[in-house]
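Below you'll find only one chain, the form predicted alone, shown as structure tokens.
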């Protein structure tokens, strides 16, 4: 509750503070990064992007960033999603990590991706309808 004073009359009003969702989008495809950025923006979140897993690891290693959610592609140059997730978890990154891949329907590939440290795995293309339930759970936690 916030109290404001105007002369002798005090008014009390409810102030709702809603935390902004902070997301790191990791994908080597420019179009996919833009699509994911637009989805996050459409739900009121803010995002930063990385072109590969190595950039994602470096962003965290520099210590200047903290994210509620990381959207991670599986197949990328320099450092793929599996390797990046393992490294981020070794670095004690506790963000929810959602794998976003064209291979989500392949059970063996999906299992390997999940075992690397994912919280969830979704198939490309990502949509607001696919990700919103996960974001709602994250923000309510």
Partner chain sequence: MDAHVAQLQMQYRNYILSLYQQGFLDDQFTELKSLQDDGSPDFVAEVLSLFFDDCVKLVGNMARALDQTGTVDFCQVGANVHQLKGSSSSVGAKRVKGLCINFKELCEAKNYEGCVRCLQQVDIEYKTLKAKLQDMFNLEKQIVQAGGIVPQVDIN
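As the structure is a prediction and not an experimental result, all values here were calculated from the model. Numbering follows the first chain given and starts at 1.
Not on display, but discussed next: the form predicted together with the partner chain.
Heavy atoms of every residue among 38, 75 and 125 are located within 4.5 Å of the partner chain in the model of the complex. Considering the partner chain in the model of the complex, the lone stretch of 22-30, 86-94, 108-116, 54-62 in range is 22-30 [heavy atom distance within 4.5 Å]. The partner chain in the model of the complex comes within 4.5 Å of no heavy atom belonging to residue 66. Contact annotation: residue 102 falls within 4.5 Å of the partner chain in the model of the complex, judged by heavy atom distances. Contacts between 83-100 and the partner chain, taken as any heavy atom within 4.5 Å in the model of the complex, involve no residue at all.
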